[in-house]
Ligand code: ME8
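Next up: a single chain in structure tokens, the form predicted alone.
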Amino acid sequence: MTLLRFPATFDARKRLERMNEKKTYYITTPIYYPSDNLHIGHTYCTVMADAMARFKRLQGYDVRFLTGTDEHGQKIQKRADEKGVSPQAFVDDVVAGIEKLWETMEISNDDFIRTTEERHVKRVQDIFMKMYEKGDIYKSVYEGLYCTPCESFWTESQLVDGKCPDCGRPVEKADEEAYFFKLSEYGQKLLDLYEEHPEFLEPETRRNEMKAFINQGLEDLCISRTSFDWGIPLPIDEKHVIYVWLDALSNYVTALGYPDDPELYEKYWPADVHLVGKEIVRFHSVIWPAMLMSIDEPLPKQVRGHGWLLIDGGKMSKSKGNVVDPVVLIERYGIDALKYFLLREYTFGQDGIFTNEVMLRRMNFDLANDLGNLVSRTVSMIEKYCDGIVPDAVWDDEFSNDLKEIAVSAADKVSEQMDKFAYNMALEEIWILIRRANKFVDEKEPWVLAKDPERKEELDACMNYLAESLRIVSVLIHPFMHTTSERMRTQLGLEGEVVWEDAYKFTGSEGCKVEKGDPLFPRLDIEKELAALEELKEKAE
């Protein structure tokens, strides 16, 4: 996968021409299962997808960003029965909360697909018929072991200590008539896919896991059920409902209108990346491409499996009750602080441990101390020494030249890391610039320069270089923390939209009138905050 990357020496006119080409970029999250409210683990995936979508838009791409909910299946029907409501009423209530959460977090998705929507239902039936007419579907009897929470069938050999290998919970014997997809016939094609296009499945550890899984031998896939009726009716046999994975995985193309209204499909498919948790990589990198091969449609360019956020010694889980409510953190610390922490703290593909203390320290050190303090003192000094107007720079030295070099080269370094979905390292490249600007203040000591009228040009240049560095930072952080970026730009007196190309030049702040505002990120008393969060948790329980 290739992103637009511009070396600092690249001709600006050519860059603009390339930006105007408006290449498409289609990114998806998994569609979430609305058995309960979402927790911060789900938020992690959606925040990553949102940051990439915003980053690509800023670089000039025509982006399509999809998320949604997977609303059928036995588990939903059981939860609805327990609540004494219909399955549709149950999912309507939970999905309303999910959509409100994404709105609260200012997620920039272009579409939200629900598998209970008519547009999806009809198209899934059409996809089933394509597979059936291809000869890839047959009717038989399923006898095996079933995990209701995971909606997954398993063989005895696949169990771990007699339990579901994905969630560790008990399985039940299942014996019912079902339709099957001839997944077993696609094993070699999938291995060839991984060999010829290793970038299809990242990171490499996930690819190796899937190779090993396929090499054990693929079994045909059960794709219908008769033991419950909360699902999409099978078009050729209405005793059956289409089983969850054929239903759920199809969302990535049904949301684009496939197969009956293909305008968006023809524009955006194949997807550039499916972003998924590692527990569902198998479905997205084995079952989904095999389904697409069956209906003779192009495969997505890439599946990327991220790690889990761990808490209390294990994966966050609604059933375990060890979840963290993102709304509580947003209300207390703001959306951008939470987004920054999730993107900065964890390495894509690896599991990460979530603790309140780690989060609070990251917010204090990076956001309050490094960025917030730099903005605050830069604006204050420009107001004090330059009547609030960013001056021209007609003076330089080794410190200012070093700062300028780091500033104008940062955008390419950020792009390089985003190319690898290394959000934490992309942010680190931005913070290298922020820390260098803070060091520049200590090196130049503007308060000393201000005492000597003969050093006014040096003082002005110092103020200019700090304002320019922060202007570039405001561009670079926009995909990750757009509200903070906009607040910075207001304080710096910058007008107009944020333009990625502006991160490559070290001019543009001159003449801007700065305006001191509230601190971007107030410094936190960590001990008090830990106590407050613990109290909130106890009240919620």
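This structure is a prediction, so every number in the text was calculated from the model and none was measured. Numbers follow the displayed sequence, beginning with 1.
Beyond what is shown, the protein has a form predicted in complex with the ligand; the following relates to that form.
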The listed residue (V95, C167, L374, I280) that reaches within 4.5 Å of the ligand in the predicted complex by any heavy atom is I280
Picking from W500, Y32, F65, Y61, the single residue whose non-hydrogen atoms come within 4.5 angstroms of the ligand in the predicted complex is Y32
In the predicted complex, is there a heavy atom of the ligand that lies within 4.5 Å of any heavy atom of W308, even though the partner is absent here? yes
**Request:** Please check if H42 has a heavy atom lying within 4.5 Å of any heavy atom of the ligand in the predicted complex.
**Result:** yes
Using heavy atoms and a 4.5 Å limit, would one call N251 a contact residue for the ligand in the predicted complex? yes
| field | D70, heavy atom within 4.5 angstroms of the ligand in the predicted complex | value | yes
Within 4.5 Å of the ligand in the predicted complex, heavy atom basis, the matching stretch of 473-481, 33-41, 510-518, 488-496 is 33-41
*Among W245, V276 and H284, does every residue place a heavy atom within 4.5 Å of the ligand in the predicted complex?*
yes
